[in-house]
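Okay, so here's just one chain, in structure tokens, the form predicted on its own.
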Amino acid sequence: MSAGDAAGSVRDPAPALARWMIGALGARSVQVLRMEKLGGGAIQENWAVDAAVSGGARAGRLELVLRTDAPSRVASSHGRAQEFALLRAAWNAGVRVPEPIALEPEGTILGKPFYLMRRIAGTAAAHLLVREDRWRGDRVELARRLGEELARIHAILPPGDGTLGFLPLPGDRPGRAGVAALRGWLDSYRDARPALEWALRWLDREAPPAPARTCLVHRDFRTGNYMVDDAGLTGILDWEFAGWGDPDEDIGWFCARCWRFGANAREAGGIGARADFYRGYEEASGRRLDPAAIAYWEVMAHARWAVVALQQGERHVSGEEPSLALALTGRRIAELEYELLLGTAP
């Protein structure tokens, strides 16, 4: 795939990207050696960029990922400038994430905003992580380490490092705010979804009170959004949905059945035991987890993923972004509604 595919109207963006990187990196010269689209990334585009840098603090060969907008987007996802700020806040807090390198917020180079981060080793492919031992290392240690990293994310409190002012604070009951956002989109959808409406009503009625401490919530912390090599965890990815909220939301999202990728007996993301994941989180955070509160957020996870699946299917059906992967995601709604009915049964 050629570098020219990186942006519709930019025939070969590599020279312009190299010139921009000179200023962004404080370099004497930059040569882009490779620019190749990566797989995955259902909501955004990711490109592998290899560059030779002369002069400045980053002189040498850089192996990077360029992250930019897909042709269409999910309404609730942040823009690239906001996602870069979140990644930088996580990096500064000691979370294991790819190092954020530089942001181009104006869209003048590729025709749309992008940022660069350091490329990390391993795979994020969920179907491999839940089935092939070579990518998981020690299952117990991986589950524990993921809990520990999530606790580090939840240690970031409002207002953060001063760059996260674009994130609104939640109300007294973050669950109800989540329901309102999902219902707002569902009310504009062309078809009725009674099972989903039932689940949203249940979530509204059962919403827990505000947490003792509002913190940064990743909101897509799951298998498929972290990288693993044969030694273990190498980084947490995809910060486009993060915001202030209830920390139990991330626990429920990670453990929800819909994110176990068929390995349902391993309740922690399909890769390990829930007890090991909880242990890593509790030891790092000093907070004891409440199973009943997490059960609520697991129902919320299925409701939110159901709405996102509908949105992904609409990107294909509308013609904005024809894609078999998006179309198949839209077909998952019945499976998710079934999980919602199980989770809300008396």
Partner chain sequence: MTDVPRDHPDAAGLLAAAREEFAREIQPFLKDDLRLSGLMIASALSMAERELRRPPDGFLDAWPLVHALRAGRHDGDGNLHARLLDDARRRLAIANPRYLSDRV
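Numbering follows the first chain given and starts at 1. Everything quoted here is computed from the prediction, not taken from an experiment.
The discussion below concerns the form predicted in complex with the partner chain, not included here.
Visitor: I need to confirm a contact call. Of Ala265, Leu157, Ala212, Ala192, which residue comes within 4.5 Å of the partner chain in the predicted complex, counting heavy atoms only?
Guide: The option sitting close enough to the partner is Ala192.
Visitor: Given that the partner is absent here, state which listed stretch (195-203, 213-221, 270-278, 115-123) has heavy atoms within 4.5 Å of the partner chain in the predicted complex.
Guide: Checking each option against the 4.5 Å cut-off leaves 195-203.
Visitor: Looking in the predicted complex, any heavy atom of Arg183 within 4.5 Å of the partner chain?
Guide: Residue-level check for Arg183: yes, a contact with the partner chain.
Visitor: Using the partner position in the predicted complex, report whether Arg331 sits within 4.5 Å of the partner chain, counting heavy atoms only.
Guide: Heavy-atom contact with the partner chain at 4.5 Å: present for Arg331.
Visitor: Spell out, yes or no, whether the shortest heavy atom distance between Asp187 and the partner chain in the predicted complex is within 4.5 Å.
Guide: Judged by the heavy-atom cut-off of 4.5 Å, Asp187 is in contact with the partner chain in the predicted complex.
Visitor: Taking the partner chain as it sits in the predicted complex, is Arg176 in contact with it (heavy atom to heavy atom, 4.5 Å or less)?
Guide: Heavy-atom contact with the partner chain at 4.5 Å: absent for Arg176.
Visitor: So, a 4.5 angstroms cut-off on heavy atom distances: do all three of Glu335, Tyr338 and Pro346 pass it with respect to the partner chain in the predicted complex?
Guide: Checking in the predicted complex: Glu335, Tyr338 and Pro346 are all within 4.5 Å of the partner chain.
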